[in-house]
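A single chain, nothing else alongside it, follows as structure tokens in the form predicted alone.
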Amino acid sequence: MIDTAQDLKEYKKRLKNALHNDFLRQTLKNFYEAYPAGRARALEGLDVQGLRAQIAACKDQALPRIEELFETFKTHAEAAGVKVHLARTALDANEIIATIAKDNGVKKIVKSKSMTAEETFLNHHLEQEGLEVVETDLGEWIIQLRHEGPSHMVMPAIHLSRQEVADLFTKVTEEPQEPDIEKLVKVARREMRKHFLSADMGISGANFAIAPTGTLGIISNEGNARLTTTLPRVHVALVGLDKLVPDLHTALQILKVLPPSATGQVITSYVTWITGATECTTAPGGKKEMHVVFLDNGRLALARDPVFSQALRCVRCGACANVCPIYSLVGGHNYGHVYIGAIGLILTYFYHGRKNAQAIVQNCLSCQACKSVCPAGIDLPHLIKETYGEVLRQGYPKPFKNKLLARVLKDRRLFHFLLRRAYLAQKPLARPKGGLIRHLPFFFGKEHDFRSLPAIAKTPFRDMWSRLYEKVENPRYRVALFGGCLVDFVYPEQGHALIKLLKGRGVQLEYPLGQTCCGLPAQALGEKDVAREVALQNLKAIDPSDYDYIVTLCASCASHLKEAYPRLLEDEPGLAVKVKQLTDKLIDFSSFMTTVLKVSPKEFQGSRKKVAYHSPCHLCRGLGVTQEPRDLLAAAGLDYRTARREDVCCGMAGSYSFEFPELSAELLRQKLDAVEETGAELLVTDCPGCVLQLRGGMDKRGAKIKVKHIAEAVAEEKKG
């Protein structure tokens, strides 16, 4: 059985050990860096967004009809000689399959890869019944021999070296084996052949269950799936109810995106369709005994859930793990339970319980990389936050930071009072110049010493506003600035840069003083009620009807306002119009400068200063803004140097860097290494949180590269 950490202290210990596993890190890094290009090539020429929308719509339409689709499948499959079962629980499924084996005198079972069978721990149950079970997928066979769970849904043994596999095969075959992949594959094929020929039963999963014809669809890269389903006299398919689709067209649409999303292939080596029991000379009566066991295990209830039902769109491609910065550092055994990656953080709670989910579900950057590649369009970061909220509501001890945040964020005046007092408290630690503190406060451990931390500003931006405000006669645009906590209380110079750039452009800038934190920290910690209260405060402070645009200097704030506010306030009477106006008028700084004000090179000095760029997660994926910052750098006459990993998370992610400092530090190290390779003298970004992380990291390593908000860098280039 799988051993997953059930408390945060033990989980962090395991993460730290994984970070020190050099082979694991290098293997995951190689795949992580190669995957995007392979996926892009495989999807070339396809309307990926259109396919994603179509798959999501088809899945969403099918979910309320699962029971109807099951009955339709059952009718047609049984007409073709198949026996169809419905298992309400994982134990029911295992017992049904064990009974089929007993009734048919089965001694040996061969199994092709099936995540649903992993979900029910089928092998363990069958072996307890005295049956011999042999996995026939190469990766699954390896981890079966090692008594491990899969570390990836598609590549279950990616965490192992060829030497480890050679040593394992040496033990199994009692013959010395070389760490040569081709030779090891031949050894596996030789060992498998005798099992295929002597097995009484074959067990498979299925990628599709097509209701109108009672057809199963299986895709694989090894011939083992076909041998498993054809050679033994009994075939049992264990299939989740969520694999039911209304027609072949839906299955084929999924087939277009599943292999590219999983492994970067256009299509897998084998696509198998099975309709009805086939001829089998070794079976009584000359016909194969065929059963399909559909597993519920909470799926029917999940399909009716207004929030979590979209998790059942999952096609089990593993793409969410393939692009996850955290998975690339620590691997699947530390980033899931049975199901791996972002979807695993969600499904673990529903299929394997709160105890197995409560630690791992906190390990999410919310960088939205998983959401951007999911072929079914699942909003995975949102569901992870919702899952953590459910864990808290179901009795997981609420951390002190949650209690403190809930108390402080709801009271804007108290929140701002404490931030002002923090300036006084930090004075003994602050450096005379540079806006950083000399050393960590006593309550931080040494693992947090991977970056320098910023000092709270002596005077918040809001306290300067009365002096900074300028009345503009007959303005072209009326604009509200949503500052966010960091611009207001840590980096007011970023607000000053915006004012400088807007001067003389006919823009009436307002800074509504009733605004407060956007609420993202509360949402990230599962405190939905607090996030909703904060959203109400901000909507009261900023009436979008009063402005043409609402500009943000913080990509994280902007993304949260745009994506979360409609969900948080959907049940508040009369606010739907205001929320829609807010999200329609919300715009990030770079987009406002390039697409609204249309700045041109003649307005800037054109110093050609060498500049690298970090693309904040919530800008490039949350808001879908990618080209505008680069266009702005070009217009300002800066020499933009492309860096590796520009759109990979810097590791800040709000409180994440304080909760998981070792992982945050490693992501930051990789980011800064990539920037230094460019030869840039300045690193810019669109998010104050990223500035905090990147500037602190550069300072800690003693680098000469300066880190600034893009607004500051562009303002310095402005003429006059």
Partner chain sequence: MNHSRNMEILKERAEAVQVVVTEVPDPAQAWRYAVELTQKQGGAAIAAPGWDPDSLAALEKECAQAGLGLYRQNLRDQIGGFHTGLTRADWGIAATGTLVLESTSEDLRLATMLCETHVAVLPRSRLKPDSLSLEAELAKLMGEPPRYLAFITGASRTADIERVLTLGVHGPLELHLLILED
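Positions refer to the first chain, counted from 1. Quick caveat, the model's predicted, so the values are computed rather than measured.
This protein has a second form, the form predicted in complex with the partner chain, left out of what is shown; the following refers to that one.
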task: Note which of Val373, Leu302, Ile274, Leu126 lies within 4.5 Å of the partner chain in the model of the complex, where distance is taken over heavy atoms; exactly one does.
output: Ile274
Selected contact from His249, Arg393, Arg146, Lys194, since only one has a non-hydrogen atom within 4.5 angstroms of the partner chain in the model of the complex: His249
- prompt: Even though the partner chain is not shown here, does it sit in the model of the complex so that Ala80, Ile142 and Ile267 each have a heavy atom within 4.5 Å?
  reply: yes
message: Based on heavy atom distances of 4.5 Å or less, which listed stretch (114-122, 413-421, 227-235, 594-602) is in contact with the partner chain in the model of the complex?
response: 227-235
- prompt: Would Ala406 sit within 4.5 Å of the partner chain in the model of the complex, counting heavy atoms only?
  reply: no
- prompt: So, in the model of the complex, is Ser466 in contact with the partner chain at a 4.5 angstroms heavy atom limit?
  reply: no
query: Does the partner chain get within 4.5 angstroms of any non-hydrogen atom of Phe70 in the model of the complex?
result: no
Partner contact for Gly483 in the model of the complex: the partner chain, 4.5 angstroms, heavy atom: no
query: Looking at the partner chain in the model of the complex, which residues in 148-163 have at least one heavy atom within 4.5 Å of it?
result: Val154, Met155, Pro156, Ala157, Ile158, Leu160, Ser161, Arg162
